[in-house]
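The data below hold one chain only, encoded as structure tokens and taken in the form predicted on its own.
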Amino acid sequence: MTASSKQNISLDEWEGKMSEVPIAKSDLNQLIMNYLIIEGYKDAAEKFSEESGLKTKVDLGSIEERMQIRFAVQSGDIKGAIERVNDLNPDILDTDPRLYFHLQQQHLIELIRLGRAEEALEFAQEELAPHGEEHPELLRELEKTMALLAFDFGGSSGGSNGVAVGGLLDFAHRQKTANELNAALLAAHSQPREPKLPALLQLLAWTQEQLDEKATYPRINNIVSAVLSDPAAEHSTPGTGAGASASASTA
């Protein structure tokens, strides 16, 4: 669709339509509280509950327990995290073999990171190999982890294969494991695994991309500020367009 055939929607018209959409403040408060609880901002959740008067069925004290477990994984203390989970609810790992494997895999990665190769090999044989036999789909992940022992990531060797498996040593992999465990802890307490707010922001971005093809309208170009752009102002910006080109040619 060409620019001339697109529908033009002014800022005033857009804001007028938005004002007609009923949005309850209580719904917005629930959305914020949902994010604070799931992401583990205990102090902020307590403060927000006080200021908004919003009551939640979630025990805010449980947030701290989850965050201690998450921090343990992020710090590489996998055994400590597993002990805390079992103290909290041993059924979580007993009923989720994939999650337990990923925690054990992360512990293996930490052993390799510390250069404890013999201990890593023994741990893989005694703890992880049996999981691979019971769940063949996990064998590929185990093989990839064991390949870390074949590369020297401190030097220049390794090549593309080394780079591929070396990503397991990144903090992002600890974070991925921590997020998976956090989601399981939330589910065990009958809470959503993911906050709603990021999904809504992704939906906003996708919707704007679709609308860009059909109309010129006030966009939200910066999610942080959430300020609506003014299409009229953007099209009349000094120094752009045919008038500016003509001025430049006669200068």
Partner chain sequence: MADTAAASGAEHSNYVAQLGSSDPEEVYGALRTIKNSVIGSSTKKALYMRLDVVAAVSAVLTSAQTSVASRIQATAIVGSLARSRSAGAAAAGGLAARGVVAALVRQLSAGTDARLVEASERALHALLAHSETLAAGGGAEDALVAQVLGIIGGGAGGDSQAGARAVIRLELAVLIVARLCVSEARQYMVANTGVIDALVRQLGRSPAHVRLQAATLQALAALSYENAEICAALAEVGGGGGGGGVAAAAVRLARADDALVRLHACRVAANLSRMRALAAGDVQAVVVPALVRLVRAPAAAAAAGAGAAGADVGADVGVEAVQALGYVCHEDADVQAAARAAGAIDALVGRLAAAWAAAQGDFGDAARFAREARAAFLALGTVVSTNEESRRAAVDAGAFAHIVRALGHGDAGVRAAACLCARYIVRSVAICRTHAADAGLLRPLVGLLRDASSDVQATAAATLVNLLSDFSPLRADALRLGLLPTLAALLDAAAPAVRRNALWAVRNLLVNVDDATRAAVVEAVGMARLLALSEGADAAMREHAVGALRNVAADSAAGCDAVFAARGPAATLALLAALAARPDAPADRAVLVHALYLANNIVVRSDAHRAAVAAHVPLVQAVVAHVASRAPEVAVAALWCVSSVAAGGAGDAGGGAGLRLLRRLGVAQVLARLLADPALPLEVQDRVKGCMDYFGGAEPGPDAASA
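Residue numbers count along the first chain shown, from 1. Just so we're clear, the structure is a prediction, and the values are computed from it rather than from any experiment.
What follows is about the form predicted together with the partner chain, which we do not show.
Using a 4.5 angstroms heavy atom cutoff to the partner chain in the model of the complex, none of 46, 52 and 176 count as contacting.
A single residue from the set 222, 26, 207, 190 has any heavy atom within 4.5 angstroms of the partner chain in the model of the complex; that residue is 190.
Residues of just one listed stretch (167-175, 69-77, 131-139, 107-115) have heavy atoms within 4.5 Å of the partner chain in the model of the complex: 131-139. Shown alone here, residue 93 lies within 4.5 Å of the partner chain in the model of the complex, counting heavy atoms only. Contact check for residue 57: a non-hydrogen atom falls within 4.5 Å of the partner chain in the model of the complex. Mapping the unseen interface onto this chain, residue 146 falls outside it, with no heavy atom inside 4.5 Å of the partner chain in the model of the complex. Counting a residue when any of its non-hydrogen atoms is within 4.5 Å of the partner chain in the model of the complex, the hits in 85-106 run 86, 87, 88, 89, 90, 91, 93, 94, 95, 96, 97, 98, 100.
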